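First comes one chain, alone, set out as structure tokens in the form predicted on its own.
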Amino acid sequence: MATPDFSSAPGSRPELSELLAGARVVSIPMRVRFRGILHREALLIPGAAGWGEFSPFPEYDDAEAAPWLAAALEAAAEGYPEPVRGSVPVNGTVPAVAVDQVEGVLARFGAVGAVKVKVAERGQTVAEDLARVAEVRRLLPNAGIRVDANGGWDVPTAVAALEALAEAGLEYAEQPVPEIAGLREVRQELARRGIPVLIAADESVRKETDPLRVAREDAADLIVVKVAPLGGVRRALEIVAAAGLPAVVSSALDTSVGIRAGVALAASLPQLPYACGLGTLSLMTGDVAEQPMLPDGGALAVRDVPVSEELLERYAADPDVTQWWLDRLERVYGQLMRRDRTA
């Protein structure tokens, strides 16, 4: 398995002064709490090819945020590869909400053929997870269901939970435990028990220094890829090709600018066996585009996303939040330039 050069940078970066002058910071309210947040903040960068989105979560350090900036600069300055399909299927996403909220959440996604259900939320029980998944299955008896634990279980809990959840008929379980060794152990134990649940790696791809390790160690059946944490569409394509595993494209709770990057990746993959997790804009109350990247009939079309000045103003972050993001942009830009020099 050849390892692509993930550290190599494009020929040149725009000047920091250009980025700071054009950057816009927005804060968009969420419909429900997701990843512990009620407002999604993002810094948007204009460029010759369009807009790029820089929105690593606040807890990420500058080193972890650097690929997110590389992805934003790729989108703004270079645009995207030529697609091989004109639209991509998407799944709905159900956060770790109470059972009585599931129907309302699903209604915002419209007709979808697959649903990702968040499980293993801190402070909740496996019984609550089972009830949430069962409600999705009741409402959508023919949908593909996948669960996402974000590494929230240990190995014994993951095996027991997935054995019970398998009764709902799962497409796969995403990152049931945090470590690659644990993923492999869960995968092997499920196989030993004859439990037909595939294992997908997310954090073990995008948070690892070596995103191919999970494939080399036979720890997953498929990988989840996100444009921003992997450094852009082109690098994500390299990772998928080198891993040799089926891929699911997902978002990082993006505005339409970031969703457009995810669609570009999904539209450029040679094979797309699973619906993509690119419908998360439905979890937000607003956007930066007049025609937001929302699924129609369970799919997203490959199209450009004109950003609205009026919406940038409407959702503009407070001055102190804006300054925090500009300071972060400056620090992370320095980190990215140092990586370029040592590549």
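This is a predicted model, so every value here is computed, not measured. Numbers for residues come from their place in the sequence shown, where the first is 1.
Although not depicted, the form predicted together with a small molecule is the subject of the following passage.
With the partner removed from view, the residue among V97, I223, L272, A252 that has a non-hydrogen atom within 4.5 Å of the small molecule in the predicted bound form turns out to be A252. Here is the short version: of R206, R234, R132, R187, the single residue with a heavy atom within 4.5 Å of the small molecule in the predicted bound form is R206.
No residue of the trio S256, D287 and W325 has any heavy atom within 4.5 Å of the small molecule in the predicted bound form. The small molecule in the predicted bound form is not approached by H39, whose heavy atoms all lie more than 4.5 angstroms from it. Among heavy atoms of R35, some come within 4.5 Å of the small molecule in the predicted bound form. For the chain shown alone, D202 is a contact residue for the small molecule in the predicted bound form, at least one non-hydrogen atom being within 4.5 angstroms. Contact check for R260: every heavy atom lies farther than 4.5 Å from the small molecule in the predicted bound form. Partner contacts here mean any heavy atom within 4.5 Å of the small molecule in the predicted bound form, and among 157-165, 72-80, 87-95, 238-246 they occur only in 87-95.
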